[in-house]
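Listed next as structure tokens is one chain, alone, in the form predicted on its own.
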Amino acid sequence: MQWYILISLGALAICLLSCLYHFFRLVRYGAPKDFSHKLGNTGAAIKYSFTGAMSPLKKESAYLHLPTYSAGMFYHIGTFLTIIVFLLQLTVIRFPVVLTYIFAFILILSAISGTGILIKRIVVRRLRKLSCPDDYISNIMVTLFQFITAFLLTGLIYQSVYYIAAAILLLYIPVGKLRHLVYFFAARYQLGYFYGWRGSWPPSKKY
């Protein structure tokens, strides 16, 4: 096995162990405690938090900025695709040529979406004021890796470059905002629990 593949495997192990640490840290805290009188169904609200509440029509920040929301969704699809490609690269499984180019095309469009989001964050003053260095670093690293993965699939880049880039990204995930891949689920759970306890979620069908 090549040295650069071994480095990426080591980075993957560190990333997974770190994410597990964050996960078990959340589990140790337990369910959020609410001392008010329970008015609703927390189970149904938590389910709604991961389904209906995720609709852009239910989120003001989404339906008022649908192009950015769509770009963000496509960007995340590309991110998940890079993870799948990376894991499959570590196996003997290889894609059919047509599928390889389809994946590459999706990743190029996804990376362009990420670039557009980055430019908007830089250009729009109110977004720039809300941003921290981690916002820019995370976007740049994920976007670059999407481009690099697309180039790997089309044979335009060396494998060593791909695996080193993967290792750098994997090592950054647990220490930067990218670790929200763990905290996202906890946040949606807590949000559903909070509004479900108060009887606000799920909303009444008549509304």
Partner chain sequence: MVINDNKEKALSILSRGDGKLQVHLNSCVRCGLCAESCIFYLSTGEERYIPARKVDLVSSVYRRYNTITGKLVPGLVKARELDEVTVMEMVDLLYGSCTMCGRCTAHCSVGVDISYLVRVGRAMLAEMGKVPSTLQSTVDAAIRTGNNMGIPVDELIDTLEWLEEDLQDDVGDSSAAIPVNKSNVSILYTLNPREPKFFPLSISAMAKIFYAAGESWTLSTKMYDVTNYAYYSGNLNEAREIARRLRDVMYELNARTCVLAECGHGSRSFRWEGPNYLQSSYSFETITSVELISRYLKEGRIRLDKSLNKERVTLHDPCNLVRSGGIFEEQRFILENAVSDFVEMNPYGYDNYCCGGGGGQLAMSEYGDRRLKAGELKVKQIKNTGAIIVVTPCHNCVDQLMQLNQVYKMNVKIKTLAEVVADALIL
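Residue numbers count along the first chain shown, from 1. The term rigid core refers to the maximal set of C-alpha atoms that superpose within 1.5 Å between the two forms. This one's a predicted model, so the numbers in the text were calculated from it and none came from an experiment.
Missing here is the form predicted in complex with its partner chain; even so, the following discussion is about that form.
- Only one listed stretch (77 to 85, 130 to 138, 90 to 98, 108 to 116) carries heavy atoms within 4.5 Å of its partner chain in the predicted bound form, and that stretch is 130 to 138.
- Its partner chain is not drawn, but in the predicted bound form it has a heavy atom within 4.5 Å of residue 59.
- In the predicted bound form, residue 26 approaches its partner chain with a heavy atom inside 4.5 Å.
- The shortest heavy atom separation between residue 191 and its partner chain in the predicted bound form is within 4.5 Å.
- Interface membership of residue 154, defined by any non-hydrogen atom within 4.5 Å of its partner chain in the predicted bound form, is ruled out.
- Applying a 4.5 Å heavy atom cutoff to its partner chain in the predicted bound form picks out no residue from 144 to 160.
- Relative to the superposed core, residue 39 undergoes a Cα shift of 2 Å or more between this form and the one not shown.
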